[in-house]
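First comes one chain, alone, set out as structure tokens in the form predicted alone.
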Amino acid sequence: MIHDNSQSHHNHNQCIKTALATAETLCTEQGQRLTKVRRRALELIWESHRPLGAYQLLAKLAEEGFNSAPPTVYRALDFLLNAGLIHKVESMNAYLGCAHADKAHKGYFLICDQCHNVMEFDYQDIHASLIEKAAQQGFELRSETIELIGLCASCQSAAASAGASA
């Protein structure tokens, strides 16, 4: 399944509402608290629909009167990551809401290097293949991040239109 974080493919308010409801449920099941700062950080990450850096998040939280110390934001981000509610897009050093937080999975990302839209896709066959290939080398796979960089369909279409009119 591919999850496109562009705003044109789904109801923006509904996806935020769903993400927050999932977060509440998961935190309750895990015996954790979704504090005000954690909740707001998650909301802001989902509102952006693009990966959001820690300092961008910090600035937004500070504007709203939350504690503006970097450790506050990093603790919230660590909590959200460990709870499976967000992903870190390593190449961008930024965070993205997880579209599949209600199930254990490995996220793989298609990143448009023009518009910076990120699409998450979840394919367990890729994960299983990586584990198998690593095991063949006597290697125990503990973590993985796969980020594929290219052009999204919208940017390809815009480039084609610009080329056709030139």
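Model, not experiment: these values are computed from the prediction. Heads up: residue numbers just count along the shown sequence, starting at 1.
One more form of this protein should be noted, the form predicted in complex with a further copy of the same chain, which is absent from this view; the next part is about it.
Asks: How about residue 55 - does it come within 4.5 Å of a further copy of the same chain in the model of the complex, if we only consider non-hydrogen atoms?
Replies: Residue 55: no contact with a further copy of the same chain in the model of the complex.
Asks: Please run the contact check for residue 27 against a further copy of the same chain in the model of the complex: heavy atoms, 4.5 angstroms, yes or no?
Replies: Heavy-atom contact with a further copy of the same chain at 4.5 Å: absent for residue 27.
Asks: Heavy atoms within 4.5 Å of a further copy of the same chain in the model of the complex: does residue 113 have any?
Replies: Because a heavy atom of residue 113 falls inside 4.5 Å of a further copy of the same chain in the model of the complex, the answer is yes.
Asks: Using a 4.5 Å heavy atom cut-off, state whether residue 20 contacts a further copy of the same chain in the model of the complex.
Replies: It does not: once a further copy of the same chain is placed as it appears in the model of the complex, residue 20 has no heavy atom within 4.5 Å of it.
Asks: Please tell me whether the candidate spot formed by 125, 130 and 144 is one where all three residues come within 4.5 Å of a further copy of the same chain in the model of the complex (heavy atoms).
Replies: Checking in the model of the complex: 125, 130 and 144 are all within 4.5 Å of a further copy of the same chain.
Asks: Given that the partner is absent here, state which listed stretch (95-103, 58-66, 38-46, 115-123) has heavy atoms within 4.5 Å of a further copy of the same chain in the model of the complex.
Replies: Checking each option against the 4.5 Å cut-off leaves 115-123.
Asks: Given a 4.5 Å distance limit between heavy atoms, list every residue of 131-160 close to a further copy of the same chain in the model of the complex, or none if there are none.
Replies: The stretch 131-160, when checked against a further copy of the same chain in the model of the complex, contributes 133, 134, 137, 138, 139, 140, 141, 142, 143, 144, 145, 146, 147, 148, 149, 150, 151, 152, 153, 156 at the 4.5 Å heavy-atom cut-off.
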